[in-house]
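Okay, so here's just one chain, in structure tokens, the form predicted on its own.
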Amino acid sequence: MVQATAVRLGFTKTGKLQFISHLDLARTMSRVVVRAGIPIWYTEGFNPRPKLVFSLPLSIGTESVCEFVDFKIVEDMTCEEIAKRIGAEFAPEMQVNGVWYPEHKIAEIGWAQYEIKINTSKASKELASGITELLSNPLIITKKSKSGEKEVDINPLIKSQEVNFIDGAIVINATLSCDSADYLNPEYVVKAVADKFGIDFEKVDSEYYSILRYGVKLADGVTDFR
């Protein structure tokens, strides 16, 4: 039996690629590793396919500079060579951050860091202060899940937050829970702010926002996921 070695690929997903689904990303990555000639381990059965395990599915419309996917290789190949080959197959809006042997299990992930930038005609230092207060106190939202809808206080799911008025926009840097039991989609933060302060994102010419995931931490909220 061939001995398989686990490796982890770190990559970015930005620009127009923020609008492809997680399923499309998985299909794209499968094609990339095959075209790159990576000796990847395949699933067994009637329809073998490259076995890929992603760390945190990314919501459509969210960019990220810290995505991760695990796979196993069945022949000797250096991490540097894997990174070089995959990087040559990536589109410009996907870049390789590195390839290494996993140091932590995906289940150890506890928090993710986001930059939420809100462009609105209401942007001001006063609005930034109001959002800071909103996110610092109990904040009840209706959260959807596979089992239905329920009201949840998302304040305990926000480890830290900093809100500033920068260059005419509101910039929120927040560390949000992302473990399997208490995952907080940053879209809920955006919705809570919009509802509270009457920001209408239907007015796409003047009211819009962007979300960028830029860090992933373990359950302690300090250690980088590697």
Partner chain sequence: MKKNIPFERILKRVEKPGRYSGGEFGQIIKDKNDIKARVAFCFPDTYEIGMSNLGVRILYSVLNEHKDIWCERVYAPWSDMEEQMKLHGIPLYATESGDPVRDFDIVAFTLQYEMSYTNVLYMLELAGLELLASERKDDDPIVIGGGPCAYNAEPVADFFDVFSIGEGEEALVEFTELYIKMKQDGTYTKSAFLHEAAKLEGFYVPSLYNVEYNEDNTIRSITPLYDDIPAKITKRIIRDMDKSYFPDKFVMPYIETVHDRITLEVYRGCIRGCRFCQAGMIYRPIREKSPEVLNDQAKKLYDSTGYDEISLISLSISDYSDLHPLCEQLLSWTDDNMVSLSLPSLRADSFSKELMEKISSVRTGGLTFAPEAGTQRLRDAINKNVTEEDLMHACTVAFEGGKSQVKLYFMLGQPTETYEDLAGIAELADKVVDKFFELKREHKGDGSFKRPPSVSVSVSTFIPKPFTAFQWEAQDELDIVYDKQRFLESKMTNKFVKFHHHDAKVSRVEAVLARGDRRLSKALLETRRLGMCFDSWDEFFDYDKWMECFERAGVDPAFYANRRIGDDEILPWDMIDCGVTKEFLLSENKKAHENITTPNCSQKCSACGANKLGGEKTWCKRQL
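What you see is a predicted model; the values in this text were computed from it and never measured. Residue numbers count along the first chain shown, from 1.
The following text describes the form predicted together with its partner chain, which does not appear among the structures shown.
Heavy atoms within 4.5 Å of its partner chain in the predicted complex belong, among the stretches 191 to 199, 46 to 54, 169 to 177, 156 to 164, to residues of 46 to 54. Although the partner is absent here, E81 is not a contact residue: none of its heavy atoms lies within 4.5 angstroms of its partner chain in the predicted complex. Although the partner is absent from this view, F11 stays clear of its partner chain in the predicted complex, with no non-hydrogen atom inside 4.5 angstroms. Residue contact check for V216: none of its heavy atoms lie within 4.5 Å of its partner chain in the predicted complex.
A residue is said to contact a partner when one of its heavy atoms sits within 4.5 Å of a partner heavy atom; Y183 fails this definition for its partner chain in the predicted complex, lying far away. Taking the partner from elsewhere, no residue among M77, W111 and R226 has a non-hydrogen atom within 4.5 angstroms of its partner chain in the predicted complex.
Shown here without its partner chain, the chain has F201, E202, V204, D205, Y208, Y209, S210 in 184 to 222 lying with a heavy atom within 4.5 Å of that partner in the predicted complex.
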